[in-house]
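Coming up is one lone chain in structure tokens, specifically the form predicted alone.
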Amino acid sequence: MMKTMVESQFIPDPYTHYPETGSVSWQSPSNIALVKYWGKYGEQLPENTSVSFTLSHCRTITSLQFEQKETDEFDFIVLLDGKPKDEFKPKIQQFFERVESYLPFLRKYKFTIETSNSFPHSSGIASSASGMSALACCLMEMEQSMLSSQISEMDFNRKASFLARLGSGSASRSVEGPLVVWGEHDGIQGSSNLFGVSYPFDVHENFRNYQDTILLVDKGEKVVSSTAGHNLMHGHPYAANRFKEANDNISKIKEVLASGDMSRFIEIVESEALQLHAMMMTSLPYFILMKPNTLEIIQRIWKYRKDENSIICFTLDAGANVHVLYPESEKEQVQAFIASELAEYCKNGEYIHDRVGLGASAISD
């Protein structure tokens, strides 16, 4: 009952104006979870709390052009880098169906959704988080123009995150930054399963302007989609313990982010990455998304950390790529190490230097 009441808060007041045509543009970044979410219930709700770094350079730019129409069905085309991308249409159709009660203007318009990524398409970097959050922000700006009163920045971001979640769970964490929490947690006031919120506590200077280099180990399609992987957590023999461990790690990383304890940060982040893949390897059917080069990179990071007394560490998404995390104070040394020792294990030697960022932003004409 309480959940229904909360969700109903995102149903807008009656619109006072319907623009005939127009366009809006937003850019939104990808994110990388430090404490992972793997497993969901209901309509895109997380089984455990997660916390992520919002990235800066790996982002999606989306332009939404709209014009009023007479027909009653959803009407849209999708372009990627200026070319029609019909394989994206089923996901957008499902998204529109899920959010229609919260954006009741959708059937009144024909949309042209133009999207492009700052990272190479099929690079193995998930674009669903950045893409869905950018689209959600475009739709929120459009809705703002139809309302008589201004939406506050907090309400705008929360509803954008709420909508983005209905397209891709992790997209809920891409609207704000540099640290975002998604999922209810007793130790984080204001946290919610319905949307992501900016991490509300002070963060030690050790974590400011943190760096993330994404090593592109494998650029092909994953053998198992994230949606299918999440569904395999239903009935998983270790699921309940995993959800508890993740929520416990939220409490632990909260202490670490306050104290600046780098050794505990590394322990939690790397353990979380390996637990994520352990759940994949122990589901039925079981699957392995890491590649031999993923493991070689991890071993070399561990050796470098020991030999150089570094505070470099790694995390993984649901794929073979490795995110190398390190403080700005080690940027020059770590990036030299990546170029000399890790690049050879990347597909075509490709990697992307990134850092934490501040979330989505509107693009002016």
Ligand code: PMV
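In case it trips you up, residue 1 is the first one in the sequence shown, and so on. Keep in mind that this is a model prediction, so the values were computed, not measured.
What follows is about the form predicted in complex with the named molecule, which we do not show.
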The named molecule isn't shown here, but in the predicted complex, which of 253-261, 225-233, 291-299, 137-145 has heavy atoms within 4.5 Å of it? 225-233
Just one of Y326, W38, W26, F53 has a heavy atom within 4.5 angstroms of the named molecule in the predicted complex, so which one? W38
Heavy atom within 4.5 Å of the named molecule in the predicted complex: which of L64, A318, I312, C58? A318
Quick one: is V334 in contact with the named molecule in the predicted complex, heavy atoms, 4.5 Å cut-off? no
Report yes if any heavy atom of L103 sits within 4.5 Å of a heavy atom of the named molecule in the predicted complex; otherwise report no. no
Exercise: G169 in contact with the named molecule in the predicted complex, heavy atom 4.5 Å: yes
Is L276 a contact residue for the named molecule in the predicted complex, using a 4.5 Å heavy atom cut-off? yes
